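Here you get one chain, nothing else, as structure tokens; it is the form predicted on its own.
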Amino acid sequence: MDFSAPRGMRDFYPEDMVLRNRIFDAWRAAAVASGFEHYDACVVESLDLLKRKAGEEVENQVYAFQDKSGRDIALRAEMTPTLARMVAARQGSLQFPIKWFCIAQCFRYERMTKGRKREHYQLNLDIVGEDGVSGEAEVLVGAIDALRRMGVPDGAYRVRLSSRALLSELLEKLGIPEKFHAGAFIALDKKGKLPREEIEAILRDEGLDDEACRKAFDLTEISSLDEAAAIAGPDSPAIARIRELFALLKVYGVADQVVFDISVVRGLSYYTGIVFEAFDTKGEFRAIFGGGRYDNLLTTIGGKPMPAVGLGFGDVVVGELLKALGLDGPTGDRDLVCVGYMQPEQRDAATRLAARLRAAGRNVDLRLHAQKAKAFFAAAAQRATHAAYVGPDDVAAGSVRMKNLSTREETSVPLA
């Protein structure tokens, strides 16, 4: 019998939950602090919904199967299609704009690399019904806040931001018709992941000639927003929108965390405007989080037109980053009291003490059998901040000494 988890999946033992809880707690606190409402959904989805969003090739990327009634379903690979389905189902009754978040477990059958598994959790922050850049700003600020709550220094990462609308404008300026833009986006998203000749081969397969391939690829060499603006022209809507967003991020106090990078494309075809990805500044890991504007997704699945923006923030890469930074331990004061006793005769007294401490709001680990003092305190030191050990003399005196395991200070606590 092989006791390991299926390939690409994870088990979380109690010691593994320390890091996971650090991430989840920061996600949840940051989302709530920014006014996002919590939602969730079933982990299986209609395969047809996923095909509508990503095309027929999605079957090669997801865990798809038939249920006992012959329906084609799949484990969700991401939350955005599910969000769109849920919003479309109540589009007539929801008060827009809505700000929703979830922490979802997602599954994707693909080749595993550093920072990528076949199962992961991710924070999703989405705003539906807002077409202004305040939507982009809010989701970016929420993600940056989450990193800060995890203890990640501002200098350890940067959010790289661009716009597919801007790329479309630039491609048009270079004489590349709109019908080739989607294919160009897919190919340019491979920059840094594939050799240039392979990317150019993809562009040719999409219908571009050699001259158009060169022009499209050279766009990714643009080094600043001003350089892009010089090509796009003074009346570029995409340039104006990016500049407005940067000005708003400055008001939020996070502008230094975000930089313009024309090479950010995002491979998913449903993005329509500003897109972004966060990377560690040392370049050791995959994207920490990513997202952008997807104004057409609701109509793709049959809903009414509705602007939307969102991001996905996975636990695998940020977990590796936290480990590299030495931030994978527990956060804050654990505030756990360990209560033990010497002999079976003191069990009831120890139990009453534990129950009273719990009722007062303390976290208490009550030992389940009698222990010698040395064994009790050795075990308590592994997890607890305080310890109380009840012996026959304590019962006779009606009180027990509560020890702070860090400072070694003791206080008397009544047993009654």
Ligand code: HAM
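Just so it is clear, the model here is predicted, and its values are computed rather than measured. Don't overthink the numbering: it's just position in the shown sequence, from 1.
The following text describes the form predicted together with histidyl-adenosine monophosphate, which does not appear among the structures shown.
- Proximity to histidyl-adenosine monophosphate in the predicted complex, defined as a heavy atom within 4.5 Å, singles out one entry of Gly273, Gly135, Gly340, Gly290, which is Gly290.
- Think of it this way: in the predicted complex, histidyl-adenosine monophosphate has a heavy atom of just one of Gln257, Thr80, Thr220, Ser236 within 4.5 Å, and the residue is Thr80.
- Of the candidate stretches 145-153, 257-265, 178-186, 104-112, only 104-112 contains residues with a heavy atom within 4.5 Å of histidyl-adenosine monophosphate in the predicted complex.
- Using a 4.5 angstroms limit between non-hydrogen atoms, Ala165 is distant from histidyl-adenosine monophosphate in the predicted complex.
- Contact annotation for Lys215: none of its heavy atoms lies within 4.5 Å of histidyl-adenosine monophosphate in the predicted complex.
- Put simply, Arg116 is close to histidyl-adenosine monophosphate in the predicted complex: some heavy atom of it is within 4.5 Å.
- Though the partner is left out of this view, Pro307 does not reach within 4.5 Å of histidyl-adenosine monophosphate in the predicted complex, counting heavy atoms only.
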